[in-house]
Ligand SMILES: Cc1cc2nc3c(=O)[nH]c(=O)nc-3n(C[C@H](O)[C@H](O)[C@H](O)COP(=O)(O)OP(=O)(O)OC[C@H]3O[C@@H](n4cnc5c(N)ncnc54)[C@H](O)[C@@H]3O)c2cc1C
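Just one chain is shown here, as structure tokens, and it is the form predicted on its own.
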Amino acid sequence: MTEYDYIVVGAGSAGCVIANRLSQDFSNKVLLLEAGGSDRRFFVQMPIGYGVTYHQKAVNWMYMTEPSPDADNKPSYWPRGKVMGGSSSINAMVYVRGNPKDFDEWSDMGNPGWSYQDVLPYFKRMESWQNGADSYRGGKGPLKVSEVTNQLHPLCKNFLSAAQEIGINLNRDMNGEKQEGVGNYQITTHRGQRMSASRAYLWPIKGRTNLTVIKNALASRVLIKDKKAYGVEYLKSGKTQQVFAKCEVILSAGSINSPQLLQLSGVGPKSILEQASVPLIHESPAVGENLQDHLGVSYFYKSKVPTLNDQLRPVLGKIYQGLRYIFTRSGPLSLSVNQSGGFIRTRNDLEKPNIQLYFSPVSYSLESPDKRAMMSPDPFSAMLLGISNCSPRSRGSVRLRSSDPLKSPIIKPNYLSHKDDVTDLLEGVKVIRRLAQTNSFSDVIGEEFRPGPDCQSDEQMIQHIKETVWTVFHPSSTCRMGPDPTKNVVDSRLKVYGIESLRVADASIFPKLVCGNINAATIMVGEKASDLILQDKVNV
């Protein structure tokens, strides 16, 4: 019998952390199961390689959602990492913790131990900030976070100046004392290479003998007896295998796969399990519910000066930048295309930002939901100004399609189903136009070509939002943390209600979405979860 103390399902942003921290104690025998393969691939490690991995089945679940009736009734393409490091191996690397008020709200929702002051030590513990430690930043953690201002396109200075011109303050560290304001984005890279959760937490401990990693192993169900988890069944090379846990099973498979796995294991809404012919073990109505995601809208402008389009579109430009990256680990291929941005309140009565800004000195087609030509931008000099909503109110779901673990679940985002999301995005795109009309941009910005000058009224702008709105790839909250078992899936110690020895620790436990990119907060969840697990072992 193959037995471990702990089985962690999913080597993503949280799972890599948990596997590392639990195995620091050599009395713990830890197994990490990952449905994907190795992350030691060129386009995973090259930062802008996410333009390739975005469509690469070898490292990507490549989900398609159901149509959203209120967003032009169109489906949405959801790339999710199916590789060591999970989505941290294929994301845009923007490092944003979230707003301090986000975590205070988590605590106020009935989750003791999750206030900003509670989680700040974990953010500091996990990171090695390039500019060094202070009261808010960590300097000795596994995750390298880079300041890349001196490598960014010169147009970023125009963006920052334009923002200040319309009254938005400059903020040199959006992960420091406060989040609000504009600045250049920090990214999870180190010496020109991607710093995924796998590279940060697993690569340095590959010789640790009490940690076993099994790749290309798709968890098909949690083994449960008498309402207690005792192992995991998984598929590998076409064969079904079982492994057993003496202490706990921890699901860190992400906001799609964690609720799917719970449902496959008989834990979820009774009606959904019956429809999928899965025997009910414990009725948990909130499994797969409360799905939240940030939405983005971009406006595109021709440029009077060269942009990254001029470097990345021509064949010779591709060759030059490719060789530059290979030999020096520098240039635009070593960065994210999301170079500058920030957080703003579009109404004075708000307590925290409701809109995130993005500036990219590049433009590319977004015409198809399943194609993003980031590596082949538009054939002329251009740039984009974009926004996303920070606190979406629309709610969706993730539900089993069938009892077959190889079948993708039914994902219903229900984008724009709450009117406040439309209001926030409309106010956000109006800020984009104010930025574009500043003196700071006047010498460099050309005509707006998407949506264009014919789109002027609120009704026209709302219609453009509905037609073009796209996911910012931040699904969360499908195994939500909270005090009421009928409305949430896990308690404040991340224990699954109704099932002993089973936890969930990934972005699916967020009580509500954080303001900004979610990778940093997901890694923080992994750090805090590992402490909770080890504390409970001591207290047994």
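So that there is no doubt, residue numbering starts at 1 and follows the sequence shown. All of these numbers come straight from a predicted model, not from anything done at the bench.
FYI, the form predicted together with the named molecule isn't displayed, but the following is about it.
Although the partner is absent here, Pro79 is a contact residue: one of its heavy atoms lies within 4.5 angstroms of the named molecule in the predicted complex. Interface residue remark: Arg503 is not counted as part of the site for the named molecule in the predicted complex, having no heavy atom within 4.5 Å.
In the predicted complex, the named molecule sits within 4.5 Å of a heavy atom of Asn91.
Heavy atoms of Ser196 never reach within 4.5 Å of the named molecule in the predicted complex, leaving it off the interface. Against the named molecule in the predicted complex, the set Gly288, Ile411 and Ser477 makes no contact: no member has a heavy atom within 4.5 Å. Of the candidate stretches 510-518, 39-47, 66-74, 492-500, only 510-518 has residues with heavy atoms within 4.5 Å of the named molecule in the predicted complex. With the partner removed from view, the residue among Gln263, Thr307, Ser146, Ser87 that has a non-hydrogen atom within 4.5 Å of the named molecule in the predicted complex turns out to be Ser87. Of the residues given (Ala200, Ala219, Ile445, Ala163), Ala219 alone sits with a heavy atom within 4.5 Å of the named molecule in the predicted complex. Contacts with the named molecule in the predicted complex, taken as any heavy atom within 4.5 Å, map within 2-31 to Val9, Gly10, Ala11, Gly12, Ser13, Ala14.
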